[in-house]
Each structure stands twice: as C-alpha cells, then as structure tokens.
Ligand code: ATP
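First, one chain by itself in structure tokens, the form predicted on its own.
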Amino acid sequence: MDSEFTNGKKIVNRSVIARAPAKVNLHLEILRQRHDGYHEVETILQAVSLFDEVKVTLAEQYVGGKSDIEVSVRPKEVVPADETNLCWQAAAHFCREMGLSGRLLIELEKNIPVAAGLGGGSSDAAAVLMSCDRLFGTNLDSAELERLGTPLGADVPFFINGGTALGRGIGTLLMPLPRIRTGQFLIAKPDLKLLTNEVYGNLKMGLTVNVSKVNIAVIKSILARFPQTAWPGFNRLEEAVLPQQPLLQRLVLQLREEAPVAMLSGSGSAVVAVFGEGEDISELREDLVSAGLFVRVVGPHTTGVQVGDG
C-alpha cells in the first residue's frame, strides 16, 4: 500500500474550477426513432459563452470502496443537489469506470437556464468528468473522455471539445466543423420549461424516415461567412413545440424578422437568434427583457469545458 495512505485514505484537498459553456443547435433534423426509444438525429452544435461554474474538490482519496460525493448548488433548488444531479452521476460514473474512489465535493453555480435546450446539465457533467480526470491524474485524452461521457447524455461528449460540430447518431458521433468565431448570439427564454422526452414524444414521425440534409462541403463554405440568410439549418422539433406554445411561436417568428438565423434551440424553451458582429441589437434586447424574458447576448465559444486550478 502507498505509504501516503493511512487507514486506506489519503488527504488530498485539491480543487479545480471548470467553466461549462451552453450550446445552441443551429440545425436539428430528426431522422428516425430507434427501437431503443432514442432518436437518430443530425445536428449542428455550437458552444456559446454563457457558462455554469463547477468547482470540484478531491478532499480524500481512498484505496478502494465507494466514493463519497456531495453536491451543492447556487442558486438553491434550481436543480436538485442529490443523486439525480448529473454532476453527482458524472462523478460516480468516473470513479466506477476508472476503479478509483474518494471524497468529492462539487459546487455548482448555475447561470445556464434549465430545461431550455441549452445543454447546461450535460455541460456540467462533462465539467465534472474533466475535473475528476485532472484531480485523479488519469490523463484521459479527448476521445476517451467522450466515450466516458456518452452514457450520461447525448450532449455530454460534445462539451469535451465544444466549438462547432456536426452530431449524428443520437448526437454522440461528432465531426468537428470550421469554428464559428464571430457573431452575436441572442438567447431569449420565457418562463417556461420543456422536458426533452415529452417534446420528442409529441413529434409525429409515424413511419417517416427523414433523409440526411447536411452537405458537409456546402456547410463548411457557409460557416466561413456565418451568419447569413442563406443558412439552411432548421429545427424539426419546432413542429412538436410551437403549435402548442403560442408564446414561443410568436418569439421565433419575431426573431426571424430581425435576424438572418433564428430558431428554437434543441427541444426548447430557449430561442437563439444570430446577428452580425457589428449590428446594434440593444433595442431588441431591451424589448425582450421588458417582456419578462431571460435574455443574454453572447459570442461563440470556440472550445468546450475549460478546467483550471482552483
């Protein structure tokens, strides 16, 4: 046994802090429903500079046994601070898969709205995986971290590298695209939570199998001049959401009149509109805030989760 361990424990008390970005979908086609209940998708994912902060502390490392994981959340009760929290699940999953254990303290500061289609929970889970990798010194590469994240959620692997990517399969088969580096991403969300499984359940696919729409060569050339009105992306889930949510429908239509690109992000309820770098959108932003919406204007984030010493 390592001499640093006493009674099977080693005091560590080391912390790291991770910035976990949100994502928006710039395209989301649902190709078909699989026999396991998941849906095959084709999506273009973009990380944006709206961040949750995740501090992970490895207080003690154990020789064996089950890890002791504690989660605290600010603001309180935005998401649960128990075993249903994706941060808790990510830490437990990492320790189980790596054959490691210890006492882990996770402090989560939520800035990304929940149940909004912005991937906050998945990004937080990716942040915990990357933080545990740093704290335990396992030195996993990106591909290994993506594989580790896949069972936690379809969006988790994306946040390992972030940037701009094409996602296929259930969204976990990722292909990097030319990174979007400019543009103003206006994110607007009414006080409305939409559950992903319910949204997909309302999508009337029948026996339809949609055909892949993304031509990689065309998309790469358009991304070089993004955003522009020729953008071919759309969100198929709008068919399931907007007819039942008049407020969201009005918001999407309003933003489409203002921006070259505007659509529901993921399964909603956030809507993203992308404007040119120098365009003055202050009046639009103020109008949306006055209407009681959560509004942020952010830039593209060219990487994924960023982990630094705490």
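The structure displayed is predicted, hence computed values, not measured ones. Numbers for residues come from their place in the sequence shown, where the first is 1.
The same protein also exists as the form predicted in complex with the ligand; that form is not shown, yet it is the one meant from here on.
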Exactly one of 199, 165, 86, 160 comes within 4.5 Å of the ligand in the predicted bound form through a heavy atom, and that residue is 86
Answer key: of 230, 224, 114, 143, within 4.5 Å of the ligand in the predicted bound form (heavy atoms) is 114
Only one of 104-112, 215-223, 143-151, 170-178 has residues with a heavy atom within 4.5 Å of the ligand in the predicted bound form, and that stretch is 104-112
**Asked** Applying a 4.5 Å heavy atom distance criterion, does residue 121 contact the ligand in the predicted bound form?
**Response** yes
Is there any non-hydrogen atom of residue 61 lying within 4.5 Å of the ligand in the predicted bound form? no
Exercise. Looking in the predicted bound form, any heavy atom of residue 75 within 4.5 Å of the ligand?
Worked result: no
Practice task
Give a yes or no for residue 99: in the predicted bound form, does one of its heavy atoms lie within 4.5 Å of a heavy atom belonging to the ligand?
Solution key: no
Q: Verify the flagged residues 8, 57 and 133 against the ligand in the predicted bound form: is each one within 4.5 Å by a non-hydrogen atom?
A: no
